[in-house]
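Coming up is one lone chain in structure tokens, specifically the form predicted alone.
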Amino acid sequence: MEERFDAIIVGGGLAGLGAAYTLASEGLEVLLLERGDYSGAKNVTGGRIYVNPVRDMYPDLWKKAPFERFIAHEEVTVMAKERSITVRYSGEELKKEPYQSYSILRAKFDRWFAKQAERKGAMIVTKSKVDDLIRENGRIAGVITGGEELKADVVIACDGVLSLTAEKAGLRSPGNPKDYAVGVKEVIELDPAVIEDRFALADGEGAARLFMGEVTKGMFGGGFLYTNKESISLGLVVSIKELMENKQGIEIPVMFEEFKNRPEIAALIKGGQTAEYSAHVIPEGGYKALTRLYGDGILVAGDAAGFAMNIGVTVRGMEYALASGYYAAKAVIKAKEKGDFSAKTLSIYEDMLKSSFVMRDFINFKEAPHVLENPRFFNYYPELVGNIMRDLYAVPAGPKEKLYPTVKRYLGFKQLWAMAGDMRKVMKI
């Protein structure tokens, strides 16, 4: 007899594993196909997960999850060409359990999560590339991998930002460069005591820092740093469209090396050993660039759907992947109860997302990509703030100018008018 699954999941990242874990927990026959040597082997995510939004979806996971450090300190560094300003926020609420967020090494976490899904009954097959989809009577009915046909009631596409599965199903077209960024990251090993000393951390505490300004040479993007137990995740993200159009011709590997050599960064990673270097495409288009989420016999979740968000002060994606995988599984369970896997029935997946934090966040911040692409945020304002701070702290040989005239010199009518226009845009998010 032909072997048939309730669901086949393409991709073993957080969305795929979340769907597999949830489906298997309900006793459904689920097969997950992962292209890498193991779940997490190909993941290069920077390293932070916000747990609060998905805590109740996976209540049994968090106590034993292999997190790195809970984030107790939020930092932002604005970089001008010759100076920088760092703001550090340390709130007592960030130090109280249950912790809001953690740094995370996805190769470790995803591998562990895959074992939890297998214990629930999910079948996970690694080193498996999906070549095509099976269609029967106008609907998706399975996948072809390694020349073998595998049938299922539903296929869940969780195969990443450039999802070929969703594309083959006709749910998305090849991406527009303006909706994507390229990220590079290094994991730099350091002694735990050194990490805690350099970032003023108590035992178990972690810090997360975002960088903006000169770090991306005026282009849309930024840098990030997360402290792990025995390493630092350091990376840079830049708009693909702006990289293609930049007249300097600078490439992101060169930009990243210059970033690492900045005195502010060099001091933080001094003595560290690079254990991992990777690059990846990241969805940045927000609400307006989301993939169509369902079709006859198919659902799309995680990065494959475009569920990643940058609003400047936070960069999020992992909790959206986990939540979309969870709701995709719940939609499949509902469809199985009805014995109907048509697009009409599977559309409940989108309804669930709209009622959840996922779509509410994306709708609330739908203007963020347009607002943040303003080049003034990456060149003019870092230099302006840096110059003001330089003059405020300067002690000349002669008398020092009063503070108000020092600041007012940089904030004439023309500058204030332009800033008011920028602020009107910022108010949309």
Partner chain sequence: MNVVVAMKQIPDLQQIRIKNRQPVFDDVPLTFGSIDKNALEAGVNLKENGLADKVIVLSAGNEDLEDTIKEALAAGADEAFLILGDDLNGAESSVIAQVLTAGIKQIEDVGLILFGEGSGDNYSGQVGSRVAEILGWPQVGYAGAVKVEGNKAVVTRVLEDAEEVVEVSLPAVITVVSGINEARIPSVTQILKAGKKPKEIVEEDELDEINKDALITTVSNLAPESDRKRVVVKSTAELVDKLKSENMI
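Residue numbers count along the first chain shown, from 1. From a predicted model like this one, the values you see are computed outputs, not experimental measurements.
Another form, the form predicted in complex with the partner chain, is not on view; read the next lines as being about it.
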Assert contact residue (the partner chain, in the predicted bound form, non-hydrogen atom within 4.5 Å, options Ser84, Ser128, Thr345, Asn310) equals Ser128
From Arg111, Arg316, Lys185, Lys168: within 4.5 Å of the partner chain in the predicted bound form by heavy atoms is Arg111
**Message:** For a quick test of understanding: in the predicted bound form, does each of Glu230, Glu251 and Ala275 have a heavy atom within 4.5 Å of the partner chain?
**Reply:** yes
**Q.** the partner chain contact in the predicted bound form: Leu33, any heavy atom under 4.5 Å
**A.** yes
Is there a heavy atom of Glu136 no more than 4.5 Å from a heavy atom of the partner chain in the predicted bound form?
no
Could you tell me if Glu189 has a non-hydrogen atom within 4.5 Å of the partner chain in the predicted bound form?
yes
- Task: Determine whether any heavy atom of Leu164 comes within 4.5 Å of a heavy atom of the partner chain in the predicted bound form, and answer yes or no.
- Result: no
Of the candidate stretches 140 to 148, 332 to 340, 205 to 213, 240 to 248, the one with residues having heavy atoms within 4.5 Å of the partner chain in the predicted bound form is 140 to 148
